[in-house]
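Here's a solo chain for you in structure tokens, the form predicted alone.
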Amino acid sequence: MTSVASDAFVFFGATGDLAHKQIFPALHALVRRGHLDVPIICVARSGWDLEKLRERIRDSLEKHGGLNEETFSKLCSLIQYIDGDYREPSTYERLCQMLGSSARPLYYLAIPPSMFATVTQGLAGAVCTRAARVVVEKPFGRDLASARELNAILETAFTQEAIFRIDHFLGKEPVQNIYYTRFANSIFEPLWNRDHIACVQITLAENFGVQGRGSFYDEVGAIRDVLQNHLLEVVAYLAMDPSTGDDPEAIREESRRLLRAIKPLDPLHIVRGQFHGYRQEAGVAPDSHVETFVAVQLFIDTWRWAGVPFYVRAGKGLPVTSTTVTVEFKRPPRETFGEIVPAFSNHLRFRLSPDVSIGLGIRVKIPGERRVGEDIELIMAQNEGDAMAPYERLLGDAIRGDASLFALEGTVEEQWRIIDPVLGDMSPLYFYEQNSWGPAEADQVIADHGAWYNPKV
């Protein structure tokens, strides 16, 4: 399906931390590749002027993106700035004037979710939303009820087709590679079901804490920050059926269908943890019960996956930074050689970060007279080369009107439905030391299938 590209990019929250670390490097890269050549109108309420914003952009690129003077000059020629209160109608009147003859602007809301309604209503009141698109950052609500409320607010000004719910994880090349690898190779599909797969493990480990974002993290926690979105998206790519054709809508619908089949999480099958020292972080409540670690067991109620547990965990302050998927295959119906075979002997492993690789674990005979074996892993490493950074890819797609890597309304609501039963203090909070693999109680989640696979550096 062909879409008409946007003819202006309006960036709310242009002086924020996300803009500095991610968005300006992404816009710089889009300009460098020749993928962005429309007015960029930055809107914020920081008391800045255009010159100070340009200084901020230069600093952003020097620290996070890699500064190319020629590209920077071209980017600055596209940049305009409005400093104003999001609550004031005059801010949107000035914006409409600056848009001029632009007929198809793209609005990007890199602002706190509490301001989504204010900005949406301001744009609608100034009649700035005709034929426009809007990109909304996560978290998309705090639970199922608030997600539905936010959808209703956005629909007062934009059509569903014009709402792009962004999650940078979907823009990562290794995440897209899961779906591609599954359906581009016929060797996997006959094995990809409950008859051959014992369990699936997904680990998102970070060896750092909240990095100065304590006040934000204390409102979110690991469940809302990464489980509800990033990790459930990985589950969908791992478990969904192939779409009918490569139409983006078909792929998104298949993902939503899979999420619909996931049973709501059971508080008895979740362990929450908090690393020692978290409560001393700036912005964190001294008696905070927010989790920095979560481990869950979930089930997918389909014929393909009936009875196959998916074990998912994420945490801060762990020994390494890595995102790894391990699909454990069942052993043969009998051990012909009478060996005690370790767990993970037969597996397929996707390493999504920090490097990209796929590993196939098999058992082979050790040379000699005895029929004994050892486990080896065949590694297929991949160099990302000049792959686009997630925000560069996603913002470029949004400008072109390509929604294939953005979540549908129903997808987001299904994600919240799955985790709603475990939000808040529905399960105990256990403490763990930094540089460990989380609280010991997390081992109970996976006890029926042995132990967690701990990624290496």
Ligand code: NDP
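Every value quoted in this text rests on a predicted model; they were computed, and no experiment measured them. Start at 1 and count along the sequence shown; that's the residue number.
Same protein, other form: the form predicted in complex with the ligand, not shown, and the subject of what follows.
**Student:** Thinking of the ligand in the predicted bound form, which stretch from 177-185, 103-111, 298-306, 268-276 has heavy atoms inside 4.5 Å of it?
**Tutor:** One stretch meets the cut-off, namely 103-111.
**Student:** Has each of S46, F116 and Y391 got a heavy atom lying within 4.5 angstroms of the ligand in the predicted bound form?
**Tutor:** Yes, because S46, F116 and Y391 each have a heavy atom that approaches the ligand to within 4.5 Å in the predicted bound form.
**Student:** Does S436 reach the ligand in the predicted bound form, with heavy atoms at most 4.5 Å apart?
**Tutor:** Taking the distances in the predicted bound form, the answer for S436 is no, it never comes within 4.5 Å of the ligand.
**Student:** Considering only heavy atoms, tell me if R371 and the ligand come within 4.5 Å of each other in the predicted bound form.
**Tutor:** Although the ligand is absent here, R371 would stay clear of it in the predicted bound form, with no heavy atoms inside 4.5 Å.
**Student:** Flag P25 as yes or no: does it have a non-hydrogen atom within 4.5 angstroms of any non-hydrogen atom of the ligand in the predicted bound form?
**Tutor:** P25: no contact with the ligand in the predicted bound form.
**Student:** Taking heavy atoms and a 4.5 Å cut-off, does K138 contact the ligand in the predicted bound form?
**Tutor:** Looking in the predicted bound form, residue contacts with the ligand include K138, since a heavy atom lies within 4.5 Å.
**Student:** Answer with one of G361, G84, G209, G214: the residue that has a non-hydrogen atom within 4.5 Å of the ligand in the predicted bound form.
**Tutor:** Residue within 4.5 Å of the partner: G84.
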